[in-house]
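The form predicted alone is given below as one chain in C-alpha coordinates.
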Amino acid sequence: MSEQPSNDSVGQRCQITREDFICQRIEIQKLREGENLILGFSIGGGIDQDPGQNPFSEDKSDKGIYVTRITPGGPAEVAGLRIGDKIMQVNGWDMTMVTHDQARKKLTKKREDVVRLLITRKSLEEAVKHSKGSHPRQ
(Lines give C-alpha, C1' and ligand atoms only; values in the text may rest on other atoms or scores of the structure.)
Protein backbone atom coordinates (compact mmCIF):
# COMPACT_ATOMS: atom_id res chain seq x y z
CA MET A 1 0.00 0.00 0.00
CA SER A 2 1.63 3.27 -1.11
CA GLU A 3 0.66 6.76 -0.15
CA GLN A 4 0.71 9.49 -2.75
CA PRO A 5 3.96 11.45 -2.28
CA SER A 6 3.60 15.06 -1.22
CA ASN A 7 5.33 17.98 -2.91
CA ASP A 8 7.78 18.24 0.00
CA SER A 9 10.93 16.46 -1.17
CA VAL A 10 12.65 15.98 2.20
CA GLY A 11 11.27 14.70 5.44
CA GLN A 12 7.91 13.52 4.19
CA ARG A 13 6.47 10.53 5.99
CA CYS A 14 5.71 7.68 3.64
CA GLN A 15 4.28 4.27 4.21
CA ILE A 16 5.36 1.74 1.62
CA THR A 17 5.07 -1.33 3.82
CA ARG A 18 3.58 -1.57 7.30
CA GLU A 19 6.35 0.63 8.66
CA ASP A 20 6.63 4.42 8.47
CA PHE A 21 9.77 5.92 7.00
CA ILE A 22 11.07 9.45 6.54
CA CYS A 23 11.60 9.70 2.78
CA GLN A 24 13.28 11.96 0.28
CA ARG A 25 12.67 12.22 -3.45
CA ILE A 26 15.74 12.18 -5.69
CA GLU A 27 15.64 12.65 -9.45
CA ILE A 28 18.61 11.41 -11.45
CA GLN A 29 19.19 12.48 -15.04
CA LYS A 30 20.95 9.56 -16.73
CA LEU A 31 24.19 10.35 -18.56
CA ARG A 32 24.27 9.10 -22.14
CA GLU A 33 27.50 7.43 -23.25
CA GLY A 34 26.97 6.00 -26.71
CA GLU A 35 24.24 3.35 -26.40
CA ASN A 36 24.50 3.30 -22.60
CA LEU A 37 22.62 5.38 -20.05
CA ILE A 38 24.71 5.86 -16.89
CA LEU A 39 23.21 6.34 -13.42
CA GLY A 40 26.49 6.41 -11.50
CA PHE A 41 25.63 4.08 -8.63
CA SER A 42 25.47 0.40 -7.71
CA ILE A 43 22.92 -1.45 -5.61
CA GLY A 44 22.91 -4.40 -3.24
CA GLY A 45 20.18 -6.40 -1.58
CA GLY A 46 16.89 -7.86 -2.68
CA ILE A 47 14.58 -10.60 -1.48
CA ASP A 48 16.77 -13.22 -3.18
CA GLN A 49 19.96 -12.08 -1.41
CA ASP A 50 21.34 -12.96 2.04
CA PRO A 51 20.42 -10.00 4.30
CA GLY A 52 23.20 -11.00 6.69
CA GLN A 53 25.68 -9.81 4.04
CA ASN A 54 24.08 -6.34 3.85
CA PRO A 55 26.31 -3.85 5.70
CA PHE A 56 23.46 -1.32 5.87
CA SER A 57 20.90 -3.57 7.57
CA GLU A 58 20.94 -2.98 11.33
CA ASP A 59 19.15 -6.19 12.30
CA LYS A 60 20.58 -8.24 9.40
CA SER A 61 17.08 -9.26 8.26
CA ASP A 62 16.36 -6.34 5.91
CA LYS A 63 16.07 -7.52 2.30
CA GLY A 64 15.67 -4.01 0.86
CA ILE A 65 17.58 -2.48 -2.02
CA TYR A 66 20.48 -0.28 -0.88
CA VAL A 67 22.97 2.01 -2.63
CA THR A 68 26.40 0.37 -2.24
CA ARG A 69 28.58 2.56 -4.48
CA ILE A 70 28.46 6.07 -5.92
CA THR A 71 30.59 7.22 -8.85
CA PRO A 72 32.30 10.50 -7.86
CA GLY A 73 30.91 13.33 -9.99
CA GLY A 74 28.36 11.00 -11.61
CA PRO A 75 24.64 11.65 -12.07
CA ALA A 76 23.66 9.98 -8.76
CA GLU A 77 26.15 11.99 -6.70
CA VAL A 78 25.08 15.22 -8.41
CA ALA A 79 21.43 14.40 -7.58
CA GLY A 80 22.25 13.84 -3.90
CA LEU A 81 22.13 10.05 -3.61
CA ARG A 82 24.40 8.60 -0.89
CA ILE A 83 25.93 5.25 -0.05
CA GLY A 84 23.60 3.45 2.35
CA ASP A 85 20.39 5.02 1.02
CA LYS A 86 17.54 2.52 0.92
CA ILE A 87 15.54 2.69 -2.33
CA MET A 88 11.83 2.49 -1.55
CA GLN A 89 10.47 3.31 -5.04
CA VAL A 90 11.76 3.70 -8.60
CA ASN A 91 9.51 5.78 -10.86
CA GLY A 92 6.55 4.90 -8.65
CA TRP A 93 7.30 1.15 -8.50
CA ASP A 94 7.57 -0.38 -5.01
CA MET A 95 11.12 -1.68 -4.40
CA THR A 96 10.59 -3.11 -0.91
CA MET A 97 9.89 -6.70 -2.02
CA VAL A 98 11.86 -7.22 -5.23
CA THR A 99 14.78 -9.39 -6.29
CA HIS A 100 18.13 -7.80 -7.01
CA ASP A 101 17.63 -8.37 -10.74
CA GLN A 102 14.12 -6.86 -10.74
CA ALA A 103 15.49 -3.72 -9.06
CA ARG A 104 18.38 -3.49 -11.54
CA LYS A 105 15.98 -3.79 -14.49
CA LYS A 106 13.69 -1.03 -13.14
CA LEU A 107 16.67 1.28 -12.72
CA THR A 108 18.26 0.64 -16.10
CA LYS A 109 15.32 0.86 -18.52
CA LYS A 110 16.69 2.17 -21.81
CA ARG A 111 13.58 4.24 -22.61
CA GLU A 112 13.86 6.34 -19.44
CA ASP A 113 16.34 9.24 -19.32
CA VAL A 114 15.26 10.20 -15.78
CA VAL A 115 14.95 7.99 -12.72
CA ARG A 116 12.79 9.26 -9.86
CA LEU A 117 13.67 7.61 -6.56
CA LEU A 118 12.00 7.64 -3.20
CA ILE A 119 14.70 6.84 -0.65
CA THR A 120 15.15 6.73 3.07
CA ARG A 121 18.38 7.16 5.01
CA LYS A 122 19.38 7.04 8.64
CA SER A 123 20.32 10.74 8.76
CA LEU A 124 16.78 11.71 7.66
CA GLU A 125 15.27 9.62 10.46
CA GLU A 126 17.68 11.11 13.01
CA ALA A 127 17.08 14.69 11.83
CA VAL A 128 13.32 14.34 12.21
CA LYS A 129 13.64 12.70 15.65
CA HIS A 130 16.02 15.46 16.76
CA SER A 131 13.82 18.29 15.45
CA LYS A 132 10.76 16.87 17.20
CA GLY A 133 12.63 16.63 20.49
CA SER A 134 14.21 20.08 20.35
CA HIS A 135 11.08 22.17 19.68
CA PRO A 136 8.32 22.07 22.29
CA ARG A 137 4.84 21.86 20.81
CA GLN A 138 2.68 24.93 21.16
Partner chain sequence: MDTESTYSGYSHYSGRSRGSHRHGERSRDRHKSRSKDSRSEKSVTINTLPAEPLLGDSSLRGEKVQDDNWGETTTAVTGTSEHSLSQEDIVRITKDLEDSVGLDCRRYVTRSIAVILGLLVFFTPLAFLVLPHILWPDKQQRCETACEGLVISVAFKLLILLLAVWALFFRPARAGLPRVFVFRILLAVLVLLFVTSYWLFYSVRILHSQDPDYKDIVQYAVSLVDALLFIHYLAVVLLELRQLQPCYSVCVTRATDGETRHYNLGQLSIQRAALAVIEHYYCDFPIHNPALLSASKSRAAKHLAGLKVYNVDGPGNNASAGIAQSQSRAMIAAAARRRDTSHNELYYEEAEHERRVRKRRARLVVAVEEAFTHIKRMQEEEPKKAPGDVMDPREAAQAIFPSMARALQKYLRTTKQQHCHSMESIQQHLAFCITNKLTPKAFLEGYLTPGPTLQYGKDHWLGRRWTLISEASVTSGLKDGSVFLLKCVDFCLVVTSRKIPYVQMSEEYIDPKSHKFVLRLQSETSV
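Residue numbers count along the first chain shown, from 1. Quick caveat, the model's predicted, so the values are computed rather than measured.
Not pictured, yet referred to below: the form predicted together with its partner chain.
Chemist: Find the only residue in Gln29, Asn91, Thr96, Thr68 having a heavy atom within 4.5 Å of its partner chain in the predicted bound form.
Modeler: The residue in contact is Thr68.
Chemist: Would you kindly say which of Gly84, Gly80, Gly74, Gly44 lies with a heavy atom within 4.5 Å of its partner chain in the predicted bound form?
Modeler: Exactly one listed residue reaches within 4.5 Å, namely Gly44.
Chemist: Quick one: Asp50, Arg104 and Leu107 and its partner chain in the predicted bound form, is every residue within 4.5 Å by at least one heavy atom?
Modeler: All three within 4.5 Å in the predicted bound form.
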